[in-house]
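First, one chain by itself in C-alpha cells, the form predicted on its own.
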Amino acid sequence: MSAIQNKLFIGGKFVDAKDGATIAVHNPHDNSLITHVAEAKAADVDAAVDAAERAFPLWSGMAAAERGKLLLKLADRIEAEADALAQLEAIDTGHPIRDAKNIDVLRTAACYRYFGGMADKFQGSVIPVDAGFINYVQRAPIGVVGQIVPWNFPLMFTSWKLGPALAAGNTVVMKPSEITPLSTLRIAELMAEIGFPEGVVNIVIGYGHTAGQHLAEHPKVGKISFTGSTETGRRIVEASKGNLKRVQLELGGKGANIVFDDANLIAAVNGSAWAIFHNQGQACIAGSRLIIHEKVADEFLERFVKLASSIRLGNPLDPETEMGPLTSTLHRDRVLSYVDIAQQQGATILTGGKAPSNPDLSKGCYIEPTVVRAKPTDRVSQEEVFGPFVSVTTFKDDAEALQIANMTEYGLGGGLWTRDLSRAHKMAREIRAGMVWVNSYKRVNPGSPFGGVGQSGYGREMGFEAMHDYTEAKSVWVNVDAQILPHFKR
C-alpha cells in the first residue's frame, strides 16, 4: 500500500489546514494510530468553496462526453487499485477485507462508470405548447454543491455523491467523516492523476459542528447533500435556510424484515443474517427488525441464532473474517448500551450482547452478533441502534405484519420473504419505505434510486433521480412565428 494521504485537497493541491490543526485516525481493530489528518475549519471550507466556484465555468462548460470520460477513467483506476483500496478501507473502517474488495470497491467503480456513461445521455425535453412557439427544457447544473459523507461506507458513498454531481456539471466540496477519511483522500489523488481540472472536487476533513456546519450554511453553496443521522439532518435543514439552498437527506432507518409462513426458511435465514450483520450492522438500510410469522418463528430462530453465533469475528485484514469491529470505540459503547436498555424493558437476549471473549480482539471495537426478542414498542425496536443488533417479534397475519412494519418514524428500506407473488406486491406497495426487497435484502445498483421517506429523509441517490436532484429545470420559449407579437405593439 502506498503512503497514506492525510492533507486537505483544495484547488487541485493537497494542503495543510490553515491553522495547522489535525485529527487522529485510528484502526478500529486494535485502536492503533494510523495517521493524523488535517482538520478543516471555516477558513479552509471557504477556500474550498472559492476553488469550486472558480472551477465551475470550465467544468460546466466542458462537453458532457468529456466529463464522462474522466469518470470512466476513474472507474478503471479504482478497479486497477482494488487491492490497495480495499486494504485502506479495511484498516480505516473495520470492513472485512473480502467485503471491501468484492463489494465496496466493485460498487464504487460501477457507480462512477454508470454516471460516466450517463453524462452525455441526460437529456432535456421539448414541450408541446401554443402554435408558433417552441418550448424546450434544459437541465442546468446547480453550481457548487456541498456533500457530507458518513463513516460507515466512505469509499462507496463518495462515489454515490460525486458520480451524479460531476456528471451533471457541478463542482463539489466534500466533507468526509473525520473518523474514516482515508479512502476519500485516495480517490482525490486518483482524480488529480487522471486529469480532473483543479477545483472541480475539493475534500475538507473536519468535525460536523465546525466544517460541516459552515458548509451547510455557506452562501455560495447551491445544494447540500447529507448522509447521516436524522438528528443531524434536521440541523442541516436549519443551516441551509440562509440562502435557501437545495437539500438532499439520506438519514436513519429501522428496516422491517418480514418472514411469512410460506417463506423459503433457509434463504430467509441466510438473507436476514446478511441484512443485519453485513458491515457489523452499520448500515442505514440494515434489516434491524425481524418480524416473523408465529407459525415458523421457532424453527426460523433456531436456525438464525445458530448462524449468528457462528459468524467469524476477527481482524478485517484476514480473508476468513466475516465480521470486523465497529468503526469506533464511542460507537461500540453506544451499541452495547442498547443491551442494557433492552433488558430494562424486559427483552430477552437470544445470543450475543457483549464483546467477544477472544483476547486477540480485546483492544478493538468488537461486538458479538446480537439477537434480542423484544416487543415492537420497545426502544430497541423503535430506535436506530446501528450495529450487529436485531430485534425480533412475531405476527399472526398480514395485517399485523404490516402494522408492525409501519410503526416506526423511519421509512428507508424493508424486506419480505414469501412465495406468494400477490402478497409480495401488495406488501411492497403498503410498506412505508423508499425501498423494498422481496426474497432478498440490501441489493443496490447505480441505476436504481436509493432513499427514504418520513424521518429517513428526502431526495434520492443514484439513477436518473439523482441527476434530477443535481440539476435545475430551465424552460426556454422561442417565438418562431414573426406574426405573433407582444400585446402592446405600436
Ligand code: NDP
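Heads up: residue numbers just count along the shown sequence, starting at 1. Bear in mind that the values here come from a model prediction, so they are computed numbers and not experimental data.
Beyond the structure shown, there is the form predicted together with the named molecule, which is absent from this document and is the topic of what follows.
The stretch from 69-77, 310-318, 226-234, 181-189 that comes within 4.5 Å of the named molecule in the predicted complex, counting heavy atoms only, is 226-234. The closest non-hydrogen atom of Trp151 lies within 4.5 Å of the named molecule in the predicted complex. None of the heavy atoms of Lys363 is located within 4.5 Å of the named molecule in the predicted complex. Proximity of Tyr207 to the named molecule in the predicted complex falls within the 4.5 Å heavy atom cutoff. Looking at Asp92, you'd find every heavy atom of it more than 4.5 angstroms from the named molecule in the predicted complex. Checked against the named molecule in the predicted complex, the candidates Tyr112, Phe304, Phe386, Trp417 yield a single residue with a heavy atom inside 4.5 Å, and that residue is Phe386. Shown without its partner, this chain lists Leu251, Leu166, Val221, Val259 as candidates; in the predicted complex, only Leu251 has a non-hydrogen atom within 4.5 angstroms of the named molecule. Annotated contacts: Phe157, Pro176 and Gly212 all touch the named molecule in the predicted complex [non-hydrogen atom within 4.5 angstroms]. Taking the named molecule as it sits in the predicted complex, the stretch 334-351 comes within 4.5 angstroms of it through a non-hydrogen atom at just one residue, Arg334.
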